[in-house]
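One chain is shown next in structure tokens, namely the form predicted alone.
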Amino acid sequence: MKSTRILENRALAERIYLLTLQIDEDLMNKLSPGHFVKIKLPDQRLDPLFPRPYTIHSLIGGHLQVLYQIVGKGTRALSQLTAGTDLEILVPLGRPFPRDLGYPLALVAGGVGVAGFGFLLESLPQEKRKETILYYGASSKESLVRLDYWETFGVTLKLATEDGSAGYKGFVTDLLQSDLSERKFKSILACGPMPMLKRIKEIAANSTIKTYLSMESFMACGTGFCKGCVVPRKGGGYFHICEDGPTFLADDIIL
């Protein structure tokens, strides 16, 4: 574990927060888009017992940022911490996003599944950003966060909300599917809740687009030791999300 300090822990929307941590340059140079970090609460007790995993959202300004949503005791406790609080983190964990992503590229995000795409877009040259479309879906306009940030990259931003309060009315997967007849993507990279990933896998099965799914899962150890976070492997056996992923070729896994 490495020591760090909270610089800011800011609410962006109801239950959605942006956490900014201080890290040194040596650690920053070891991080790649797609890596995740485990954060240990300063007063870690038996409940919650394990440090929680979070996708690395951004490294702008030499600070590590995490975009997270309150879903349980661990994230609620994290949201209550203030600037100046010292934490321990375990990073980098997991495998980075694939380096052979083809362009034009579709990034598909459901809710805070959009988090990891920040670091990815920060790392891309401008010409590849221009060949990227970010499909970003949420339940309502209020849950679509950091829109100004996403627009700074020069990507095409397409929004979907289930209640129709912003962008396309419906699921972000429907918005993607409606575009596939007109747009010739080389790759799809998706992150979000399991029903969304299952739908992306179904859509991709009817195309030749190389499709990657970034999985979200509770991870006890985060290093492959406990063998707890698994996804069935096509052909038999299992992948361990923390060690083999969290990003997998859609054709390689069973959802």
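Numbering starts at 1 and follows the sequence shown. Please read these numbers as outputs of a predicted model, since none were measured by experiment.
Just so it is clear, the following notes concern the form predicted together with a small molecule, a form of the same protein that is not shown.
Student: Among 107-115, 84-92, 171-179, 128-136, mark the stretch whose residues have heavy atoms within 4.5 Å of the small molecule in the predicted complex.
Tutor: That would be 107-115.
Student: Flag G164 as yes or no: does it have a non-hydrogen atom within 4.5 angstroms of any non-hydrogen atom of the small molecule in the predicted complex?
Tutor: No, G164 is distant from the partner.
Student: Answer with yes or no whether Y68 is in contact with the small molecule in the predicted complex, where contact means some heavy atom within 4.5 Å.
Tutor: Output for Y68 is yes: heavy atoms within 4.5 Å of the small molecule.
Student: Test of understanding: in the predicted complex, would R52 fall inside 4.5 Å of the small molecule by heavy atoms?
Tutor: The answer is yes: R52 has a heavy atom within 4.5 Å of the small molecule.
Student: May I ask you to state whether T156 is within 4.5 Å of the small molecule in the predicted complex, using heavy atom distances?
Tutor: T156: no, not in contact with the small molecule in the predicted complex.
Student: Name the single residue among S32, S187, S217, S207 that comes within 4.5 Å of the small molecule in the predicted complex, judging by heavy atoms.
Tutor: Result of the distance check: S217.
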